[in-house]
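What follows is a single chain, given as structure tokens, in the form predicted alone.
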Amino acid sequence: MFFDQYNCGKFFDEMFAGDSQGPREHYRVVRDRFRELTEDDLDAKRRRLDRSFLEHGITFTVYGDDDGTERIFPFDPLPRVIPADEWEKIENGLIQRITALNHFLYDIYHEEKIIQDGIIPEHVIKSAEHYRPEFRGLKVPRDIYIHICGTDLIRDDDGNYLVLEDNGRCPSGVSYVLENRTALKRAFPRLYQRMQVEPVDGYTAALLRTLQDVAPHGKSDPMCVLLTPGVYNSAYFEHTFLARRMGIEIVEGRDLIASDGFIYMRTTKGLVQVDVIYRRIDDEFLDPTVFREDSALGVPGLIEAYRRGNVTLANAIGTGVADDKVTYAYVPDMIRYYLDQEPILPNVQTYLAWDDNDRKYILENLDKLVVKAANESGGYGMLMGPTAAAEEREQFRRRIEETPRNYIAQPVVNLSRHPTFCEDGRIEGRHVDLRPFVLSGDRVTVMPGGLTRVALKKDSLVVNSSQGGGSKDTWVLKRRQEED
């Protein structure tokens, strides 16, 4: 019933091969189950899902919103399904990518071979906003800088997966993945069992193991804590969720103290030494004696303990240079340089405004391109050229000409669409992306699936929750036994 009037449009559709061709094979059981539902059945299930999210406090904060900061994260009950062979390629590509990024970060803070060999221009790295030259030569456990990464993937008109960006500082969203799964399993238990879906509930154990893997001096049974900016942070729900699931303390800066080059946590029984800090605070707020003097979020003396190797920060200081959208353009070159491999997951074609030829092309084609500031996120600092007003395009033209290093441009990629329930109960296609989560410790672990974000606004390509996006559960199917 729900799919009778569904229109795939001109986009790659995750569920349907075309308007007249029916569902893709791995979606057939899902299609059939939802066609069995009446509108009343679905409404009842959606109300239970909403009530579950409300009761569990699954929220995010919208800064500057006059209607209130706390919102329930919108959730669509129609799952995204990824077959095993498709996922295998994604997983291999993500492992390849984080391996190269960690090689790159070690290199630029030590020998700088990639610069000396002319693979990446020196000015690209050393002008990056989050490059930390004062930490050159610093040894970090296992030479790992990015322990937790969220890499955003999209699909083009032909269904090819492309990397849109890497999030290697404080990636968020994994708590929604875990809660989405719990909620949808409860709403459709038989469908979930029948589909043979890879579980995701092992993520927090893997995260804790990753933190323990990078403890200072290989310490066994290290004390790990999660450092949060506090209750007003947009991802505070996630901070508390992950700390609780891992069985570690969640702390604010005021709960920690530095002494004699070590970090201690204040407890009712006295001071307890801290070995690993999973920090959800950006570099510049970590220590007011080193970075921003006005920061009340960090710990005075933390950086001295970090320099001495007595505490590990996950992720490491200085990883933000890998998040830079200009650096992103060079990741395929990093893969070739460090691993002697071709990228499994390609980038979106990217033009660099610092390059004279690229800048000329960008300025001549502002009405056809997506322009992005190098260090903005959440859909901000971005020009959607084809839909922007002439005045907005001229503003970006001036910004690019004034600070070309700060901008890249890409062709508009029409993100794949997925059937999604709208407010009036109809199903329409909405654009989606995918953020898998990758852990790097003693080994690299990729959560099977990730956060599928969906642009709930019709025709919107912006999937961020802060700009009206929601999410779906992502079902990676187990490989059939006969294929093993």
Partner chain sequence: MLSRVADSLYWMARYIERAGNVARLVEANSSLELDSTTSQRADSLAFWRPVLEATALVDAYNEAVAERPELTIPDFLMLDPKNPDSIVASVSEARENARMVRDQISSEMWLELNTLHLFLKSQGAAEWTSRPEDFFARIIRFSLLFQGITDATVPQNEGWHFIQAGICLERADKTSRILDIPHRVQGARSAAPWGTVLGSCSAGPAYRDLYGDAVDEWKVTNLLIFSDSFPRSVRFCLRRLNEVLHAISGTPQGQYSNEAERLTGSALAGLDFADPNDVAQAGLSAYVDQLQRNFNEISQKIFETYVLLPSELQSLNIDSRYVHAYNQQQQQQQQ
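Positions refer to the first chain, counted from 1. These numbers come from a predicted model, not from an experiment.
One more form of this protein should be noted, the form predicted in complex with its partner chain, which is absent from this view; the next part is about it.
K.L.:
Please determine, with the chain shown alone, which of 200-208, 229-237, 408-416, 186-194 has non-hydrogen atoms within 4.5 Å of its partner chain in the predicted complex.
P.N.:
Among the listed stretches, the partner-contacting one is 229-237.
K.L.:
Note which of Arg244, Lys126, Lys89, Lys139 lies within 4.5 Å of its partner chain in the predicted complex, where distance is taken over heavy atoms; exactly one does.
P.N.:
By the 4.5 Å heavy-atom cutoff, the listed residue in contact is Arg244.
K.L.:
So which of Met223, Ala84, Val348, Met265 reaches within 4.5 angstroms of its partner chain in the predicted complex, heavy atom to heavy atom?
P.N.:
That would be Met265.
K.L.:
Quick one: does Gly270 come within 4.5 Å of its partner chain in the predicted complex, counting heavy atoms only?
P.N.:
Looking in the predicted complex, residue contacts with its partner chain include Gly270, since a heavy atom lies within 4.5 Å.
K.L.:
Is Ala389 close enough to its partner chain in the predicted complex to count, meaning some heavy atom within 4.5 Å?
P.N.:
No, Ala389 stays farther than 4.5 Å from its partner chain in the predicted complex.
K.L.:
Taking heavy atoms and a 4.5 Å cut-off, does Gly298 contact its partner chain in the predicted complex?
P.N.:
The answer is yes: Gly298 has a heavy atom within 4.5 Å of its partner chain.
K.L.:
Using a 4.5 Å heavy atom cut-off, state whether Ile250 contacts its partner chain in the predicted complex.
P.N.:
Judged by the heavy-atom cut-off of 4.5 Å, Ile250 is in contact with its partner chain in the predicted complex.
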